[in-house]
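Here you'll find one protein chain in two forms, each presented separately as C-alpha cells under the names structure 1 and structure 2.
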Structure 1
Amino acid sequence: MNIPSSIVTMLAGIILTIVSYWFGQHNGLMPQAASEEAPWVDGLFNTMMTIATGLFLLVQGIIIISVFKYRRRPGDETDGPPIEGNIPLEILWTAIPATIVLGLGIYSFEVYNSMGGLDPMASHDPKTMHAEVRHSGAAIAAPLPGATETPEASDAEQVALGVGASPGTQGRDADVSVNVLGLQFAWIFTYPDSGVTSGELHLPAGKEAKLTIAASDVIHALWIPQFRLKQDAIPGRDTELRFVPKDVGTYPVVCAELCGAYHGGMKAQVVVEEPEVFEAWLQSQIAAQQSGDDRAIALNTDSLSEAEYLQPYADEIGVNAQGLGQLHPPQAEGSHKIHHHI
C-alpha cells in the first residue's frame, strides 16, 4: 500500500463521515415533534439516518468507482486477479454490522423503555373494557363486542397492550384519561370522568394523557404523526397509549390500519391546548350535552342490538366520513380547523 492512496482513502473517510453526520442530523424529514416522546424517537431516527447515509455512500461509492475504474477496456480479454477471500477482511465486515446493530438495539431499547413501552401495566391490564358513548345528557353505555360478556374475551384482556407509563410515572394514574373508540369510519373520544363525548381529541399541554383504545368492528390504528405514536385498535381487547403532549396546536389523528372503503377518510384531530383552555372546553362540552339535542334521549340501549345502536352513526359516517362532525354538539364544531400544516 503506497502512501498517497492511503491519504486519499483517509480524506474520503473524513468527508464521508462529515457528510453523513450532517445529513443525519439535518435531514428535516420528520414532521413537528409535538409530544415529549417525539424528540427521543427523532434522536434515534437521526442516528440511524447518519449510519445509513454513511453505509449508503460507501456502497454507492464502491459501485461507482468500480464502474469507472475497473470497466473492461476494449480488446482486453483477460480476467481480473483471482482473489477468493480474505479472512481478516471478512471478519471485519461481519464485526462492523454486528456492532452497529448491537448499538442500535441498545439505543432503541432505551428509547422504548423511556417511552413506557415496557410498563408492565400496559402489557397486563386486568380491567374490563367499557367503551362509553355518551350523548346529550343520556349516558349510553354500550357493551361493545367481546368487551365484557364472554370469559374468553376477559382472558384476552389480560394482554392489553400498547405504550404505557414512562418509568418515572409508573403506577400513578395519568392526568387525563380518554377512551378512544375506532369504528368504521370515525374516532369517538370519551372522557370517562366527565362523560363528555367528542369527535375531536382535546388534551392539555404538558399533562400526561392516557388513551384506552378499543374498536367496535374491525381493526383500526390510531396514529398521531406529530407525537410519533401509533397503536392498533383491536376488537375484543383494549390497548393503551400513554404520553405527554407538549406543543399547543392542532394535529391530525390518522387511521393507519386498513379498515374498509373509507379508511383514507377516517380522520380526526387532536387539539393540544393550555390546561385552562382545555378545562374551559371540557366545561362547555358538559353544558352543551346537558342542554342537549333530542336525538338519543329516549333510547333504551339495552334493548338494541349493536348494529341498531350504531345505526344512526353508521348512516352518517358511512355515507360521508366528514359526517362525524354532527356527532358532537355544534359548539365544538368548526371551532378548530386543521391549521397545522407541515
Structure 2
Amino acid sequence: MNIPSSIVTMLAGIILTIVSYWFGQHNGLMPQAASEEAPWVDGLFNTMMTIATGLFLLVQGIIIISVFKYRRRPGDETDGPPIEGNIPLEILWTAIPATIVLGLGIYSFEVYNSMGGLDPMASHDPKTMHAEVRHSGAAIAAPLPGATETPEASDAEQVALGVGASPGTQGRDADVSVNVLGLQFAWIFTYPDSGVTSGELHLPAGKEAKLTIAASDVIHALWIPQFRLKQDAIPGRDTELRFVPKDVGTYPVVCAELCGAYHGGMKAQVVVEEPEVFEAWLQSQIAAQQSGDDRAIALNTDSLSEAEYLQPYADEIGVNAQGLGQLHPPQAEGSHKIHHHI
C-alpha cells in the first residue's frame, strides 16, 4: 500500500516534535535547582534544548535519508539534475531561524525581567561618555557633545548591573544583605548589619537575599550554578544580585571569569540553612568577633588598624619589640612602621 508523501511527512513531523519535546524537558543536564529563580532559567534552557533537538534530528535525518535514497546506483554515470535557486526554500530556511531567534530573545528578556533584571542604562555612569582625541605626542579626552559630567554619583545610581528586586518585591528591602568582595583569589562575604566577615556565604532558606558585589583588583564573576545566577564583580563599580534560596544544602561558589594564574582555585561555598540555624550561626560569629576567639573568620578587618590586625599573630609566634630589636638594628623614626606598632 502506497502511503501519500504528505501523510508520511505529517507523521514524521509529529514523531519529531514528540521526541524533541520529551528530550528537551527531560535532558537532565542542569544541576539541582536550589533557588526560586532557577525554574525560570531552566524553562528557557529546556525550550532551547527542545528546539536544538528538533533541528538536529531534522537535519541529520534528511542527510541520512538522502545518503541512502539518492546514492549513485551501479552503472549510473549520468549527472544529477541541474537545480539552481529555490526562492520559496530560501525564504523558508531564512524565516525559520529568524522566528526562533526572535522568540527566544523575547522569552529570555521576559525571564530576565521576572527575576528583577536591572536596566544598565539607569546607572548614569559618568565615565562612559567620553571621546578620545590623539595627536602626535598628546592625548586629549573630553565628554561627547550633549553628555553631562556628574562628579559624584550616588551608590543607588551606580547599582544598575545585575538582578534586583523581582516585580513582586519592588520597594521592599531584602531579608538578608551581604557585601561580596572578589579579590585574587578569594571571595570575602561581609554582613553589614552585624559586621561579621566570613569566607563562606551563609543564607537562610526561603528568605530573600541581596548580594552587593565588588572587586578589589580585576574583574571576577560570582557564579552559583545551583541558583542559576552569575554576576560580574567589577573594580570601582558595584553590582547586585537578589534571589531567594529555597533548598537547604551546601553549594559551590565559583569565579567564572579568568582572573589570573590561580583563577581555578578561587572557590567558596554557600551554605543555605533553616532560618533559625542561620540566626544561630550569625550570633555565634558575632560572639566570636566580640571575644576575639575566631580572628580568621569573624574579624571585621575594615575597622582594625595595622597594629591591631597584626598583634594577634605576633603573640602567636612569640615576636615582640625586644625580639625584633635583636634581629635588626634600630632604624630611623618612621622607617619601619610595623616594628613600632608591634
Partner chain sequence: MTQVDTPENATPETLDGHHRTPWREYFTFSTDHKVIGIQYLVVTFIFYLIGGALATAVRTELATPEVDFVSRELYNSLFTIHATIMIFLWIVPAGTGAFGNYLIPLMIGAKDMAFPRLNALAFWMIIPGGILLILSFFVSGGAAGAGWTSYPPLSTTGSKAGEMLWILSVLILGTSSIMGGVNFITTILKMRMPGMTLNDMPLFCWAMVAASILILMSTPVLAGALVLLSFDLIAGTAFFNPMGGGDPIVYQHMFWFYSHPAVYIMILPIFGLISEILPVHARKPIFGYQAIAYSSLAISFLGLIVWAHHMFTSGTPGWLRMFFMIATMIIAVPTGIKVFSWLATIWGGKLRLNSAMLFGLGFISMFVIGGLSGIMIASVPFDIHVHDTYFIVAHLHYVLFGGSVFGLYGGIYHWFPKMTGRMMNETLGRLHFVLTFVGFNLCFLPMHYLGLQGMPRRVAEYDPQFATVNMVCTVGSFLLAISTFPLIINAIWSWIRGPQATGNPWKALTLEWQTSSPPPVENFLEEPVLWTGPYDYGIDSFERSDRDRTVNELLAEVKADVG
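The structure presented is a predicted model; accordingly, all values stated were derived computationally and were not measured. If you superpose the two forms and keep the largest set of C-alpha atoms that fall within 1.5 Å, you have the rigid core. Numbers follow structure 1, counted from its first residue as 1.
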Next on the checklist: Pick the form predicted on its own out of these two and give me its number.
Outcome noted: 2
Checklist outcome for this item: Rigid-body analysis between structure 1 and structure 2 gives the smaller part's rotation relative to the larger, in degrees, as 11
Checklist outcome for this item: After superposing on the rigid core, the Cα of residue 74 moves between structure 1 and structure 2 by an amount in angstrom of 4.4
Checklist entry - Core overlaid, residue 87 C-alpha shift between structure 1 and structure 2, how many Å? => result 3.5
